[in-house]
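One chain comes next, on its own, written as structure tokens: the form predicted alone.
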Amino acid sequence: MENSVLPDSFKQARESKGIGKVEDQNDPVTMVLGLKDVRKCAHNWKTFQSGAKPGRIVIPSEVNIRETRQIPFEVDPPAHKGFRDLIDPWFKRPLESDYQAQLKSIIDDIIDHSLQQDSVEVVGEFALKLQSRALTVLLNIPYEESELWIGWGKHVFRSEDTDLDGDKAAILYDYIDAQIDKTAANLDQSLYALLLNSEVNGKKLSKEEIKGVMILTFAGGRDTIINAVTNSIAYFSEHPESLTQLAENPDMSSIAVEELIRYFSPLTHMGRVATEDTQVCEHAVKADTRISLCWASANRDERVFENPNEVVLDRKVNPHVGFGFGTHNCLGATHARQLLNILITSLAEKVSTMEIQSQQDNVEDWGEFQRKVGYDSLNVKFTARKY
């Protein structure tokens, strides 16, 4: 099996039952596996809410490490709309040419540096640095701030030995509190300042609400982007012909990004809490119990995708849910799409081959399912393209 392959560990359960089960800190989860069912449940926010106790819809649950509600992620309509209307324009800035130019400069610097090395550990030396430096563009704050974030590692809530590290999470919370206070004293052009100057439904945002937006911004797009970047590099390492195809057809890069997101599904699933007794795939779901929308399983649904376990870079019909679906679709999707688009375009321009020298897979344990989501380490030799 190729190193870059991510097997579909949900296939048998998806076809036979439509659901799976996972235990999580004495708060079990019913996993919804088929694309049609995932989309249906995601759309039905009245029955399957996001606005439950802060941290409960995340899997593994974060209720023991935070009390702040992530906004707008953990807010349901109608309140959700006010927050989303406020911040959506900010998160659409990646469509602007200046924003894209800044991302390209960051990406080209990392690729050029990698081409000069004998070997690069892609997770920490490439993907984490790219994610953190690109975040300064999204927040519109000084580039130098990214050096601090790089030191936090690939996840802000998890450590090497635990999925939920309260001490590590507190570092992020304290940092955001300090940045809000600093910006309040000297307003700038950052996302912090936008939030401090704004109202939702006629009320100024509280510090807790601002903190909720910022925690989501820092945490929501960290390990997911790192997984997407690392998996993409692993794929092109084993499929140099695909890199050549992109070099010869740069216009297909946007379509290729959607396929890479579908296949690799950087986030396995996200939870919801039932507001009433109901059913999913003819299985009973009790009120105040959790389901999860399993994006990774839905994106391999053989009833929807032809050859679902193959990467087809020019896939024409691709209704994937790699960025979520419905009211709570991914706030940072535009940023992630532009980052990956520029990344694979620059790799195709600058790199002829990438050779995997060693790797350590990152395998998530979801009860009956073990899913490879990416890598704990991936050492790669980059070779420059010659013209």
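Nothing here was measured: the structure is a model prediction, and the numbers come from that model. In this text, residue numbers run from 1 along the sequence as written.
Unshown form predicted together with a small molecule; subsequent notes refer to it.
Novice: Specify the contacting stretch among 168-176, 258-266, 235-243, 275-283, defined as having any heavy atom within 4.5 Å of the small molecule in the model of the complex.
Specialist: Result for this chain: 258-266.
Novice: Identify, from the list Thr327, Thr353, Asn44, Ser346, the residue with a heavy atom within 4.5 Å of the small molecule in the model of the complex.
Specialist: Exactly one listed residue reaches within 4.5 Å, namely Thr327.
Novice: Which residue among Ile59, Leu331, Ile65, Ile342 has a heavy atom within 4.5 angstroms of the small molecule in the model of the complex?
Specialist: Looking at the other structure, the residue within range turns out to be Leu331.
Novice: Taking Phe91, Leu216 and Ala228 together, does each of them reach the small molecule in the model of the complex with some heavy atom inside 4.5 Å?
Specialist: Yes, all three are in contact.
Novice: Test of understanding: in the model of the complex, would Leu135 fall inside 4.5 Å of the small molecule by heavy atoms?
Specialist: Within the cut-off, so yes.
Novice: Does Thr224 make contact with the small molecule in the model of the complex, using a 4.5 Å heavy atom cut-off?
Specialist: Yes, contact at 4.5 Å.
Novice: In the model of the complex, does Trp295 come within 4.5 Å of the small molecule, counting heavy atoms only?
Specialist: Yes.
Novice: Can you check whether Arg290 is within 4.5 Å of the small molecule in the model of the complex, heavy atom basis?
Specialist: Arg290: no contact with the small molecule in the model of the complex.
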